[in-house]
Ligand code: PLP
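This document opens with one chain alone, in structure tokens, the form predicted alone.
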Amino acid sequence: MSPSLPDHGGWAPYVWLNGEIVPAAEARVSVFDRGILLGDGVYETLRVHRCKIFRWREHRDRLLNSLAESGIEPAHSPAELEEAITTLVRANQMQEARIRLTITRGEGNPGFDLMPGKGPSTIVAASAWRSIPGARYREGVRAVIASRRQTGSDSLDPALKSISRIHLVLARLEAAREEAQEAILLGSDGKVREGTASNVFVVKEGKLKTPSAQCGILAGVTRAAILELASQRGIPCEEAILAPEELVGADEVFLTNTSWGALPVGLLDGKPVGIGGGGPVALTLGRKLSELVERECSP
């Protein structure tokens, strides 16, 4: 295959759709798909490095949990999905990629009724892996504490990685109006939960703290890797309730996800965090994370 199709805003020219590699320009799902009509589906974002998926097992397990919680019966096994990702990467002639794996409940009748005989839609799309400029890690990014609150576990549990993300889109728009790159959401109790696309860490006097999974967050794969690395380096780690005042008074605040690694916050609500840029803990753990990805994805 020769990836010579029109540009799709950074997406690679081929996608994997319901078992087949097809040109992105020709890929089609029904306008009656419940993912479009109701945001009824789940997803995972993964990294491919040197043609190998970083921590597929962890992403796979979280995907299966999301599917089980949402009551969606997948049309493809985990092994088939893993093969779909590697096949797509080859089709797009990529070695480094950011993968979006989406599974919706499939077509539905008007309202909330399922359409008989129609199963899930499964889509795997790739985009080129773009490293964040080093200056962003040294200087840190801007973040705000959003006025919009994170959903509670008794309504839409953030641990279920649903494609229903409109509240997070609105929080990110709030951040954009302040020329910030991320919005940090609080829960109904006024405590810190997570960013729109990231987990939150603070450093105070050499100790690391992050909201616990029990607080009502999506426990990221990168978050877990950072906790592992911190433990290996003897950095005290605590998963607990985190008050917004602890962000303001922290020596460092950084954000983690698949694409960002460990990204320092330089300004929070327009005010400097610590030294106003990347601190030693975030920079060290970010470097160690890169080494971990390299080690685990080496041929």
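We number the residues from 1 along the sequence you see. What you see is a predicted model; the values in this text were computed from it and never measured.
Below, we turn to the form predicted in complex with this ligand, even though it does not appear here.
For this ligand in the predicted complex, the listed stretch (241 to 249, 32 to 40, 55 to 63, 263 to 271) containing residues with heavy atoms inside 4.5 Å is 55 to 63. Just one of 196, 181, 210, 92 comes within 4.5 Å of this ligand in the predicted complex, counting any heavy atom, and that one is 196. When this ligand is considered in the predicted complex, only one residue from 142, 136, 149, 165 comes within 4.5 Å through any heavy atom, namely 165. Within this chain, residue 218 lines the site of this ligand in the predicted complex, having a heavy atom no more than 4.5 Å away. This ligand in the predicted complex comes within 4.5 Å of a heavy atom belonging to residue 222.
Not displayed here, this ligand is kept clear of residue 105 by more than 4.5 Å at the level of heavy atoms in the predicted complex. Shown without its partner, the chain has no residue in segment 65 to 86 with a non-hydrogen atom within 4.5 angstroms of this ligand in the predicted complex.
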